[in-house]
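One chain comes next, on its own, written out as structure tokens in the form predicted on its own.
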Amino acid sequence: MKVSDALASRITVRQFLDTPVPLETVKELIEASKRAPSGGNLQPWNVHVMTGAPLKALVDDVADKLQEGVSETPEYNVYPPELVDPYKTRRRVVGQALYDLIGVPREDTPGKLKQLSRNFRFFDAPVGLFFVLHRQMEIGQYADVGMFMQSIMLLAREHGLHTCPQEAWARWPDTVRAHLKLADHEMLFCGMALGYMDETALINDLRTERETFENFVTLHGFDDVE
């Protein structure tokens, strides 16, 4: 598969099949992705991969806490507190498009919360990944981890797999920390679901819009090039 095809076919999948992903495939994805660039070659990423009983234990733990009304405080802002336009509108539009697709009315808050909670089951994916950073790391290293994650997501397409990057997991730092046995200097960044897409699931029909080239690119000096 060409890189351009992997980019074009990568989507955020929100319903997976329970088909297992072989360990060798997971190892191959991560091993190849370590060639992602990082400033100063810090390679700031640490990855925890869960499947089977450990994954189920975490998922069930969070489900119980949601049922009890328990919540935790993220260690960083996933979105800016006062998101401005056009970013605020983009987020609102894609959220409403998702709920419209699956038939959740705008005023159905419980329905929206139920869908949100699906994040914490990894959308039934058989593999969940967590990306962890040393607390000393700064915004530049967050970008490095993003490039590492993108590499995994694109390579997954080469194997017929799909992914869902999930900063939603930042909502459960204490619970995830306990299950992963993280050290004090380690901070949960986000999760990622990995598996085979359920092609019959309506929610996977969602395709998000992208801005036109002219709306986010400014060219300099190209008029002078023959």
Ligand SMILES: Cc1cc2nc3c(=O)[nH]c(=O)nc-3n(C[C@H](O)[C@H](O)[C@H](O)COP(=O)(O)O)c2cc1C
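The numbering used is simple: start at 1 and walk along the sequence shown. Since the model is a prediction, treat every value here as computed from it, not as a measurement.
We do not show the form predicted together with the ligand, though everything after this point is about it.
**Q** Quick one: which of 162-170, 57-65, 178-186, 37-45 gets within 4.5 Å of the ligand in the predicted complex, going by heavy atoms?
**A** Stretch with heavy atoms near the partner: 162-170.
**Q** Please check if Phe131 has a heavy atom lying within 4.5 Å of any heavy atom of the ligand in the predicted complex.
**A** It does not: once the ligand is placed as it appears in the predicted complex, Phe131 has no heavy atom within 4.5 Å of it.
**Q** Is Val94 close enough to touch the ligand in the predicted complex, meaning at least one heavy atom pair within 4.5 Å?
**A** Answer yes; at least one heavy atom of Val94 falls within 4.5 Å of the ligand in the predicted complex.
**Q** Do Asn119 and the ligand share at least one heavy atom pair within 4.5 Å in the predicted complex?
**A** Because a heavy atom of Asn119 falls inside 4.5 Å of the ligand in the predicted complex, the answer is yes.
**Q** Residue-level question: is Val26 within 4.5 Å of the ligand in the predicted complex, judged on heavy atoms?
**A** Although the ligand is absent here, Val26 would stay clear of it in the predicted complex, with no heavy atoms inside 4.5 Å.
**Q** Can you tell me which residues in 179-210 come within 4.5 angstroms of the ligand in the predicted complex, by heavy atoms?
**A** If the 4.5 Å heavy-atom criterion is applied to the ligand in the predicted complex, 179-210 yields Cys190, Thr208, Arg210.
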